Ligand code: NDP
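Quick heads-up: it's one chain on its own, the form predicted alone, in structure tokens.
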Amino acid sequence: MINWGIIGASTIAKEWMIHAVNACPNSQVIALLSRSQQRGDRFRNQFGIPHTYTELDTFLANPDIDVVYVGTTNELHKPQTLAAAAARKHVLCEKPLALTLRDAHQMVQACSEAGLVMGTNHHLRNAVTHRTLRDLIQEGAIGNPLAVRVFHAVLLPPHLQTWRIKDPSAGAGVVLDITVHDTDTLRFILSDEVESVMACTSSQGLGEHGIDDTVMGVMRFERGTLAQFHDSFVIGHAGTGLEVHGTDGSLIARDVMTQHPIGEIFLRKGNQLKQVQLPAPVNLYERAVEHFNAAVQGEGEPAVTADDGLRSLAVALAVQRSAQTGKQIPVTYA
């Protein structure tokens, strides 16, 4: 049995991660760290977690914890990951890995040097829709990909309208929250890397203290594919989607940029539109945990590696810089 400790009594832990860990037959949540004893007690009572802590050192001193899930606000990812690595705990870290690429490299290096598994909790590539898109593209269903359109503009639910739109010091804003997901998804389905970006950001009603709640931009991939993206916290009536247009056809996916295992895909060639038959849906987070558990046991890699997290962060930081400067920015991964 692989024992997990959860850092952060967060919404994602409550709604997704604790259930995902406990749903896997070879893992369980045995510990939780929260800055609030009261909140920690609520989680313990709701989920039957044996141990709750308010101090990181005491939490990490528990010898029974094998894996740490870092699910706190963005500015805390680095110190908590480094502490977990020093305590020789495997780490699954929320995106973005850190607020700077240098910090993310330090996190990855610390886990690597300690011989630990580190992964990034980008959930979308675990969806059967995105894995099917990747397979179809690799099989040549649409020829060479030329252009992509991503619609990931949603209305941030009221219970999440906290630090993401209010606290600049926590790495708030739509780019580090949503555009990083777009990046990982596109890298995955295209099997390609982002070369440069151009973007504009705006605060359209939710962002406070100059925090951007909307971004539009274009990514140029190394093989020439251009990807247009629209990410937002303020769009309540659009639905999400992803389109990939190639030399021989187009793949049109609807309701796929979501935590829920939903969505549909159509293949269009000329005037013919055919719905793609999908495998049975799976819980995205359960699949992430299954792959992470396997990696801990020496079988393969996490569904999304630490290097994947580095690369999505690098693109997001380039998007921010492009919006600030009004220039096309090359993506630097080192």
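One-based numbering along the sequence shown. Note that the structure is a prediction, hence the values are computed from the model and not measured.
What comes next is about the form predicted in complex with the ligand, which does not appear here.
The stretch among 246 to 254, 134 to 142, 90 to 98, 110 to 118 whose residues place heavy atoms within 4.5 Å of the ligand in the predicted bound form is 90 to 98.
Shown alone here, residue 324 lies farther than 4.5 Å from the ligand in the predicted bound form, counting heavy atoms only. Looking at residue 10, you'd find a heavy atom of it within 4.5 angstroms of the ligand in the predicted bound form.
The ligand in the predicted bound form is approached by residue 162, whose closest heavy atom lies within 4.5 angstroms of it. Not displayed here, the ligand is approached by residue 73 to within 4.5 Å at the level of heavy atoms in the predicted bound form.
This chain lacks the partner; the member of 130, 78, 181, 187 within 4.5 angstroms of the ligand in the predicted bound form by a non-hydrogen atom is 181. The single contact residue among 51, 39, 268, 291, judged by any heavy atom lying within 4.5 Å of the ligand in the predicted bound form, is 39. In the predicted bound form, the residues of 16 to 55 lying within 4.5 Å of the ligand by at least one heavy atom are, in order, 33, 34, 35, 36, 39.
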